[in-house]
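Only one chain is given next, in structure tokens, and it is the form predicted alone.
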């Protein structure tokens, strides 16, 4: 019995927390693509965030927060319900999004292709325009205040979302929501409002370089 218990424990540990049905996740995401883009690259000129490549555990936590109304988001209201998005679907779509890799640049044209094929390639590219500011100061701010949760290169973790390759317009809106108390953040709003405005501007400048 002891040997059997150990064997079962190994099997359970080997089962991934996410990714059991990526095909289901892709099918579910078709509903989300209208706002977040067909490849999870974001939409609305940066109004809707990039989701591609985000940590699956973080994404699942946020979807559960939408469902519980802990995080309020009006566009998500029709979809973030237990009926429309049960837990197993949350895990599948989160895993699907995590494995999407967006290109940073258009690939070279090595073989003849028509304009439509090239256009489809372009849709899979996400390169954030450089924001003005002091990138070195922005990096210093990021390293001391943000990297612990968001990763040393802005790659995201289960505690904080991916910031590298995220739309600056969207990030600015989230800071406003943190300060206004509309969205929870591990830091207090004083961590943002007590800083010189140039620090925040420089942070955008640095973050805009992380997908280059």
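Residue numbers count along the first chain shown, from 1. Since the model is a prediction, treat every value here as computed from it, not as a measurement. For clarity, a rigid core is taken as the largest C-alpha set superposing within 1.5 Å between two forms.
Just so it is clear, the following notes concern the form predicted in complex with a small molecule, a form of the same protein that is not shown.
- When the small molecule is considered in the predicted complex, only one residue from 165, 53, 42, 161 comes within 4.5 Å through any heavy atom, namely 161.
- Stretch 69-77 is the answer when you ask which of 101-109, 69-77, 128-136, 114-122 has residues with heavy atoms within 4.5 Å of the small molecule in the predicted complex.
- The closest heavy atom approach of residue 49 to the small molecule in the predicted complex falls within 4.5 Å.
- In the predicted complex, the small molecule lies within 4.5 Å of some heavy atom of residue 149.
- Taking the partner from the other structure, the small molecule in the predicted complex has no heavy atom within 4.5 Å of any heavy atom of residue 95.
- Interface residue remark: residue 191 is counted as part of the site for the small molecule in the predicted complex, having a heavy atom within 4.5 Å.
- If you fit the rigid core between this form and the one not shown, you'll see the Cα of residue 34 move by less than 2 angstroms.
- Relative to the superposed rigid core, residue 47 undergoes a CA displacement smaller than 2 Å between this form and the one not shown.
- In this overlay on the rigid core, residue 169 has a C-alpha that sits less than 2 Å away from its partner position between this form and the one not shown.
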